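One chain comes next, on its own, written as structure tokens: the form predicted alone.
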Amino acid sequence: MKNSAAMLLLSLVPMLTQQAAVAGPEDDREAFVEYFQSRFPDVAFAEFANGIYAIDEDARGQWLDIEEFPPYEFAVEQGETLWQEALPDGARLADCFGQSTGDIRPAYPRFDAGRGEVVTLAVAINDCRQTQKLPVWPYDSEELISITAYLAYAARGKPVVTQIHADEPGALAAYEEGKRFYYSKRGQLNFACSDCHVTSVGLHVRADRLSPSLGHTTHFPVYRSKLGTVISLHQRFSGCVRDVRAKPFALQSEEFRNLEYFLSYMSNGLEFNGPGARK
């Protein structure tokens, strides 16, 4: 890293950390975006929806080659079939949401004031199954992930519009819990999410480069080449927590839903471009 870039990083990180501790959500988001745009001045804001491919030209070329025959196509097709499939009472999963297919993914995560908690798309899909008196799908099931892949694909090009309403104090509390999780040290390695994906973004961990947090939620679920399957955002959360040698929370736990809420708000204005393909 050049000296000037190193000095910029050292000057911006304290500002970002201070903002994260005392500022409101929109102040947080503006500081978040400013940090990444200052760190990578040649990268357009919209490009951060592409994750590591926004800052790693070599990896980007490989990714574009993969996208010629995307490995997640089977999941999108299976998801569309399940989405339209008739349930026991003749309804479909699609009937639960009352929105055009492309507008469903951008509606989540959201804070449900009646429930007093963040509701993610995966939770909403299982809620629908419960209303049909069907068993819920495990949150790592092929069926559930395939449906979220289909809905992500249908939402491509739509902006992230996560909302925190001033008249819902529970929403702000959930956001703050997600932010606290993001900046808190954990595990035997004593790492926070921000240690890898803010202060160390772009650096190598073995053969891989650390991706920027800005845009992290836009492209999930993703096909992981090393796993040979499509995984959810919360499975990635779990893997990160495990990698720092801490005990992961359950998929769709309150902790992970609040974290998704925070990160999604940070990416407001970027476009959805999932499902994605990663190593």
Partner chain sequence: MAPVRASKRGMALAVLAAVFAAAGCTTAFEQQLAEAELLRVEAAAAGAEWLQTGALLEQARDEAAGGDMDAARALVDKARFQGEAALRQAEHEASAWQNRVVQ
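Computed from a predicted structure; not experimentally measured. Positions refer to the first chain, counted from 1.
Quick note: we don't show the form predicted together with the partner chain, though the next part is all about it.
For the chain shown alone, Glu254 is a contact residue for the partner chain in the model of the complex, at least one non-hydrogen atom being within 4.5 angstroms.
Although the partner is absent here, Gly187 sits close enough that one of its heavy atoms falls within 4.5 Å of the partner chain in the model of the complex.
Using a 4.5 Å cutoff between non-hydrogen atoms, Phe237 does not count as a contact of the partner chain in the model of the complex. Asn126 falls outside the set of residues with a heavy atom inside 4.5 Å of the partner chain in the model of the complex. Residue-level contacts in the model of the complex: of Tyr183, Tyr139, Tyr108, Phe97, one residue has a heavy atom within 4.5 Å of the partner chain, and it is Tyr183. Stretch 195 to 203 is the contacting one of 126 to 134, 195 to 203, 100 to 108, 87 to 95, since its residues have non-hydrogen atoms within 4.5 Å of the partner chain in the model of the complex. Contacts of stretch 222 to 261 with the partner chain in the model of the complex, defined by any heavy atom lying within 4.5 Å, are made by Arg242, Arg245, Ala246, Lys247, Pro248, Phe249, Glu254, Glu255, listed in sequence order.
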